[in-house]
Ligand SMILES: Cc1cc2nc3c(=O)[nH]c(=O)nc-3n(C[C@H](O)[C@H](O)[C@H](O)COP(=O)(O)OP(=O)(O)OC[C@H]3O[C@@H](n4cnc5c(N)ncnc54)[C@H](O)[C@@H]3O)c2cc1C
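Presented below, as structure tokens, is a lone chain in the form predicted on its own.
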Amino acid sequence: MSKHALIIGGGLGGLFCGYLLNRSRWDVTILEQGNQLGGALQTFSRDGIRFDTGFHSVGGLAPGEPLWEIFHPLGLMYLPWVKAGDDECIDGGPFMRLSGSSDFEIEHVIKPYQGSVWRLKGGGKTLVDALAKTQDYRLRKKVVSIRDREVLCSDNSTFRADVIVSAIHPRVTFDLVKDHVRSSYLKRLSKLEDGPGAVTLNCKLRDGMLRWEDHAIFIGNKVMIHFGEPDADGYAKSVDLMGFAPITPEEIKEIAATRLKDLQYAIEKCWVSTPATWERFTGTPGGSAFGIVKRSSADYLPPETPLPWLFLTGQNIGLHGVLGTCMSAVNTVNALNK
């Protein structure tokens, strides 16, 4: 008889963990508080333009590179991956995806991008759909309490399983737990530092104003620029601009315009997400885009918790990004299959 795992959170961490568990002959149910799966991999449309929430490119997907080693055996290389140009760093600043990145994060998150960079046609939704198509998931299921292998949702529905895997932030997870947990573990959680909250601008551009560029642009460790899909004439239809609090949307635009001279004139309409938006959307305290900062291996949490039936997965127990989140799912599944 197969075991049943209940996964809280339908972002990449939860989806990938469920995908691996299904292949290990577990029965899996994923609970997602939102009305669609994907977390930061979701896409959305405004005025006919597709925007990615947080997924823009991945590194290390060429044969023999770290993410390829994970995706290839799982059959995920059949997806429409397209090799992109190398991401560009200007102003002499370091190549960083996170303001204040530690040396440890640079070594294990940034360096894979120095091998190869890849886009995915259709954006993050393409990967979400591939991971979700064989899985049992329930939408609009916000978990409000966890007790002895059972969860209660805000609509009063309950779910029970042999094990529960939380793909949401560990502190948020243990705020929901009603069982006794040793104080030393909770104290360790309280001391872990989250990275800064994200400020994002999803910008629709006027026709023929900005040439599309086949790479992301990193301006020091302050602003990231990601281009959406180009039109038939090679002009950008949209750009996503991202910075980290306490930066303001106007400051992000000004910094981005030092590289894209016509940006201010090219923007037709802009939708802004603040750290408060991200916190409501992902449940991560302070709207931190990349979760718990990993300055050393001591900042890692293991997938196991003091409760033998409760496990963790996601970027908060591993490194952030697609590679880091998938690696954490691999570690969680290995722990479950011991």
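Numbers follow the displayed sequence, beginning with 1. Not measured: the values here are computed from a predicted model.
Quick note: we don't show the form predicted together with the named molecule, though the next part is all about it.
| task | Verify the contact flag for residue 305: yes if a non-hydrogen atom of it lies within 4.5 Å of a non-hydrogen atom of the named molecule in the predicted complex, no if not. | result | No, residue 305 sits far enough from the named molecule in the predicted complex that none of its heavy atoms falls within 4.5 Å.
| field | Partner proximity in the predicted complex: residue 215 to the named molecule, non-hydrogen atom cutoff 4.5 Å | value | Taking the distances in the predicted complex, the answer for residue 215 is no, it never comes within 4.5 Å of the named molecule.
| field | 4.5 Å heavy atom contact, residue 54 to the named molecule in the predicted complex | value | Residue 54 belongs to the contact set for the named molecule.
| query | Would residue 33 show up as a contact with the named molecule in the predicted complex if we use heavy atoms at 4.5 Å? | reply | Taking the distances in the predicted complex, the answer for residue 33 is yes, it comes within 4.5 Å of the named molecule.
| message | Given the stretches 141 to 149, 156 to 164, 179 to 187, 69 to 77, which is the single one in contact with the named molecule in the predicted complex, using a heavy atom cutoff of 4.5 Å? | response | The contacting stretch is 141 to 149.
| Can you pick the one in 293, 49, 301, 58 that has a heavy atom within 4.5 Å of the named molecule in the predicted complex? | Among 293, 49, 301, 58, a heavy atom within 4.5 Å of the named molecule in the predicted complex occurs only for 58.
| field | 4.5 Å heavy atom contact with the named molecule in the predicted complex for all of 9, 14 and 281 | value | Judged in the predicted complex, 9, 14 and 281 all sit within 4.5 Å of the named molecule.
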